[in-house]
Structures are given as structure tokens and as C-alpha cells.
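Consider the single chain below, provided in C-alpha cells and representing the form predicted alone.
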């Protein structure tokens, strides 16, 4: 058996007998006599997936204090939200007791029916967690070796495997990928656009795992997921509070919806060229100003955690927004695993957010583009038809079935071993941090190094699986260190600023890869120059100056505009987005004033060899003077709050 059961009984002699009887029936059961011991086992052993507990358990071996009922169950779920809880007790009058609604079952001790316990626990763990229904059905279908007289055209790979020109593709990916790449014409594999079978079941299992009311699989990334949610909640003329540090897909969703963005300026770390969280006081005061000004404020969207691993006090922000009748959307592209380890709690769903979009491919084991939309909105039934219409609008009628299977399996993996994998990530992260800090010219930045004073009291936390490394003392830029890592040491990192590197410790990290990165940095340190403090704060600060939005983005976007040289664009209005990538955070959106500082920043980005979306051969699209006058006359100019 791959999983374990934790049995809790304060009476040690009874516990030993129960352990013997259950283990004799093929279960792998470990025991505890108090809450402290049980919590230690839950923390240390990621294989524990079910807990059988008495109604009342002493906190420690001395037994001076006890936890009981809902309070006891909550203690265990705070450590491991994915475990199944069963009451195993001589207490029979459950209808009169508060269980908290978290129990998966009940066994009456005086019946001594150990076979019933084995059967029910095994069934609950396997049926609720240790299955990947869509993946299993896809494998079953692929093994049937049916003749294909439908799309796709490669017909299970037959068009490729005997080709003298294209056989390499078949041999590289292997036969199973092509057998699994099938058409929506196969009824047994359900339809992503109208799920009634195994896709529906897989999404329901994901909903349970991530703590949502509903979960939807998305096969075009969180970029598309954001657009679906925004177009559902916003109509032309509605307003939304937007973290200016958001992904470009959020701005595109706002353009499609015809909404008015009210941008929230993030905190800024000029020394390291990093956008931080939006100050909590800015979020709350801007909400109040927008509502007082009569804006049709419908939603707030935040990115949590940020690209650099900074985590909002999201539960309090959700509470503040809901008090004002504002829906909360959380882009959790970089934080999808948060529900599977207490170090990262709370996830957006745990915090009560209405919607969360997750890049399952970024932080878990799904294929690229595989994403999930989680819904907890109590009013979702009112907009469900519109949501599904938007889902249909943005989802291919020929979705990639292996991608759906990877979402199903990623959920299963995180439920069954996510806690242990994340424990390993945290351990590896601390080890790598200690190793890097032992070098003279590299330093892993701490939370206080990354945040600015305006969010110092906002209860911001730092995700330990995202390490930002200061390279200033090497005399090299972040981009130069990145190039050495790639070309000399065959190591690819996530991103750079002028004087930092960012690396991700994912669930696929290994000790070998960790040590190879350390040795590579040690080698770069040895060959680097001895110059100190080459990068001054002013060298990064130019990248961070943003400007106001003058016109509703939708109408600026659909203007004809004109292309001019970037160097001549100061004081004009952007007619398209301009986005350095990665991470995909726009410097300009349609309707935004282009300042001389932004022009300088974009030129610096270009010289720094960063990929920039929205520039065409050094030219940028701007509104004409006539278009500015027309948009103003039509009432599409945006006034400050």
C-alpha cells in the first residue's frame, strides 16, 4: 500500500490492539495518543492520507488540555488540508455535536468491525484522491488500437511513422503521444466544451482538491483563463481595480470587455528593479474613492504571489473587498500549489476569493498551456451561462487531449504527494540559499531586501521556492551571468534584472541540479572581475516609472493610430500594448501616456536584449491628434479619481 493511515487513541493499550487488527488486514497504520504526536507525524510523513481519530484527544502526553470535535479536526486540516478525516469513536450521538462539516466518515468502536473500516477508508482514499479518471480513460482508449477515420490527420501517427521526411517527429515523441492525440469525435473521452463524463469527473475531483465550488480545465494557459473570467464579470463601462504589475492577458481581457481599468501602483524596489505588491492602504483607499466617485466597480484582480515570490495578505484583502461588494480575482499563475502545504497557506480559494486562475504547467506537472480556473463566487449561478459562453469563445473546439490528461494527473500527484514534494522544495531551497550565501559575490535576497517601506506593515511574505540572487558584487550584469550559466554550464534560469537572477525551485528540482547550479556560480565568481557595486539604484529605477491612463483602453486599441519612431514618442498616447517578456508585464497599455522616462526604459530594455512585444522595427503605434480629440468628444477620456 502506497499510503498510510494515522490512528489516534489516547488509551495506549487500546491503540496497540487497534493498530494490530488494522495492520493485519493489509493497512499501513501508524498511531498517536495525543494531538502533538499526531501533528508531528502529519508534518513528517507525507504518505499519511487518512486520519481516524477519537472525538476528544489530549493536546500532549500529560493530558492537561484537550481538543475535541470541530476544533480538533481543524487542527489537522491546517497542517494537511488534503487528508481524509474519519471519526472513530464510542460517541454515538453525532446529530447533537458540531463536527465542522469536514468529516469523510464515521466508525462506531463498539461494533469492532475492522473489515468495514478497511473497506470504507480504502474506498474513500482511492475514489476521492488516488485516481485520474480522464487519464485512465485516455490510456484505455489508446490501447484499443481503433482504426481512425476522423481527425486529427496524422491518424494515430500513421501519417508519420512510415514517412521518409517526417518520421523523426514520430520517433522523437513516441507512439503513445500520437495515439492519445485524438478527436472530439470520441464519445468515451467526453467534451471539454460540454463535459458530462470523465472530464466532468476529473474537474470535480480538481474542485475538491483545490477547495473551489467549481473547477474548469483550460488548454490555452492562464492568459486565456484570465480573459474568460474578466469577460464574465465585466461589461462595457464597468470598472475594475487592477494591479499594474499584472500579466498582459489581464489588460487584453479588459480591452475585450470594454471596461475601465483603475490601475493600482505597485510598490517599487528601485535598487533591484522589482515591482512589489500593491500597498494594502492603496487598494482599500482606491476602492473607496472609486465607489464614492460613482464608478461601476465590479472586481479587483491581483497577482499572488508575484513573479518574484512576494505573497499578499490575501485573506484580509478579500474581506475588505467583499465588505464593499467587490468580487476578487486572483491570478495564481505562480502559486497553484499553495493549498498543499501549510507554509504557503492560504491559497486564493482558502482566502475566499471569488475566482482564481492557475498555471498548472508553471508550478506543477501539467504540460505547457495547461491551466485551471477555480470558482468560489457565491453568485456564480447568475453568470454561469455567460461564463460558459466566454469559455466557448476562447477554447478550441479541438482541444489537446494529452494536455487535459496532464491536468488530471497533476491534480492526482499534488493530492497524493504534493505535501512531501513541497517539503522537499523548501528543504532544497534553504540548502541552496545557504550554499550561495557562502560565496563572496552572490547573495540570496531576503524579504526585507525585496520589499519597500510602503508595504513593510502589510504582512507580506516570501515564497521560499523563488530565490532572487544579487549579482552586483561580481561586476557582471544579471544578463551576463545568465549567459555564462547557459553557454558554459548548460543551466537555464527563469529571469534577470540588471543586477539579479531569479530561479524557481519546482517540484522537479533535484539535489544534483542544485549542486550543479552552486558549482556554476562558484566558477563564475572565480572568473568575474573584482569591481564592486557596478549597478547603482538609479540604473534600475528608470525601468519602473509608469504613467497615467488617458483613454479607455478598448477605444484606444481599436483606433487606427499611426506608427512613429520610439525615440519620438514622448507625450503621445499608446494605441497598443508594449510588453517586455518575460514576465509579460506591460510597460504601456492602449490609452496610456508615453513619457520620456518610458521611452528611455524601453530603449534600455532593447539594448539589454530583452524581448519586447509591441515594438515593430523600433516603431510604436500611437493615437493621432485627431483620434485623441474624437475620443475626448465621445467621453472616452479617463479622469483621475
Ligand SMILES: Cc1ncc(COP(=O)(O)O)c(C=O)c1O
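As the structure is a computational prediction, the values presented were derived from the model and not from experiment. Residue numbers count along the first chain shown, from 1.
Keep in mind that the form predicted in complex with the ligand is missing from the display, and what follows is about it.
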Candidate stretches 325 to 333, 442 to 450, 391 to 399, 405 to 413 - the one whose heavy atoms come within 4.5 Å of the ligand in the predicted bound form: 325 to 333
4.5 Å heavy atom contact, residue 374 and the ligand in the predicted bound form: no
Residue contact check: residue 361 to the ligand in the predicted bound form, 4.5 Å heavy atom: yes
Contact test in the predicted bound form: residue 581 vs the ligand, heavy atoms, 4.5 Å: yes
Contact flag, residue 156 vs the ligand in the predicted bound form, heavy atom cut 4.5 Å: no
Position in contact with the ligand when the complex is considered in the predicted bound form, options 424, 89, 435, 223, heavy atoms within 4.5 Å: 223
Of 303, 552, 347, 497, the one that lies within 4.5 Å of the ligand in the predicted bound form (heavy atoms): 303
Residues in 57 to 81 with any heavy atom within 4.5 Å of the ligand in the predicted bound form: none
